[in-house]
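What follows is a single chain, given as structure tokens, in the form predicted alone.
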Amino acid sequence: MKNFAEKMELFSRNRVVNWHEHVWFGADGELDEKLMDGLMEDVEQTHTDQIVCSLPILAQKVTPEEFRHCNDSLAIALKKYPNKMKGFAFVNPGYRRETDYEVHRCIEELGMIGVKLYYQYRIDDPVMRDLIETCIRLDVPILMHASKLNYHPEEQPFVSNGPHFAAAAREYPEATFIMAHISGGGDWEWSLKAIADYPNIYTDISGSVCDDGLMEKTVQMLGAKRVLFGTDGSYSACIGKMIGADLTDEEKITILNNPDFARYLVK
């Protein structure tokens, strides 16, 4: 029986990229640098080589002024940790012109490597088309909040789940979609079944759900190359999921440093 230090050799001996984390605002509405520094301590202690962060607003209505402030604040974090942290730009696609400008600004000027979306619109909503086409041209992935809510779905009426991602992938097979946190709650098997046949849809393992068999079923249905390591505020739980999963070492190493995403990290 391996002790914890021996189990953590999975992380210390291999390259680790965390594709789903966040920095946040403090009570003053500005970047909470103390919280951010604590996150980066976790990065160091867990042998994580790079972490990809965004700063979203968890609300239905988000204005261009608000999402620009999110991205400007994230840019402060990226400058403080240039070798460790990469960024995803947060936008509200309902503002088409402002979103297009912001995505270009974040990718081309601020050095971000992807786009983060929340639940303002579903991924297959026609309003998304301009943004998806922009991301295709810029060759950047879209990470979108997702869940198949079984209880209180009215709290997130436009949240995307597997069938929504499948519809978007059919229309845009050249896009790269990340269906966020398969471990984030709701009926994860529903979403896995819906996206299984679409190779341009990936998922990350972030989230606090630790259902028995979740990791194994995800890899069985998608293959390890369509799974990304991520934490989304559940750092210890997600490390535990990696260590405890009944997967091969090769599968775990692929998840920790997915080769399909290596090109984004050099942008």
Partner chain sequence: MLIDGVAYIGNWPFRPLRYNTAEGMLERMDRCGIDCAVVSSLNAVLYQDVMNGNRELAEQVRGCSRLIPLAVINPAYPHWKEDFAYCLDELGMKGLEIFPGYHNYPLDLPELKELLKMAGERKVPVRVPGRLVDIRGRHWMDTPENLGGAAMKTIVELSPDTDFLICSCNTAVAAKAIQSSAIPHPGRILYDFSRLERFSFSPSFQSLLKTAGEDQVFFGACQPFQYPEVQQVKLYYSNLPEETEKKILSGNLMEIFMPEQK
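Positions refer to the first chain, counted from 1. Since the model is a prediction, treat every value here as computed from it, not as a measurement.
This protein has a second form, the form predicted in complex with the partner chain, left out of what is shown; the following refers to that one.
Looking at 65-73, 197-205, 32-40, 222-230, the stretch with residues near the partner chain in the predicted bound form, meaning non-hydrogen atoms within 4.5 angstroms, turns out to be 32-40. Shown here without its partner, the chain carries Y95, V103 and P126, none of which come within 4.5 Å of the partner chain in the predicted bound form through any heavy atom.
When the partner chain is considered in the predicted bound form, G240 lines it closely, a heavy atom lying within 4.5 Å. Shown alone here, A262 lies farther than 4.5 Å from the partner chain in the predicted bound form, counting heavy atoms only. Remark: P141 does not count among the residues lining the partner chain in the predicted bound form, judged by a heavy atom distance of 4.5 Å or less. The partner chain is not drawn, but in the predicted bound form it has no heavy atom within 4.5 Å of V17.
Proximity to the partner chain in the predicted bound form, taken as a non-hydrogen atom within 4.5 angstroms, holds for one residue of A167, I136, L110, L149, which is L149. Counting a residue when any of its non-hydrogen atoms is within 4.5 Å of the partner chain in the predicted bound form, the hits in 162-191 run G184, G186, D187, W188, E189.
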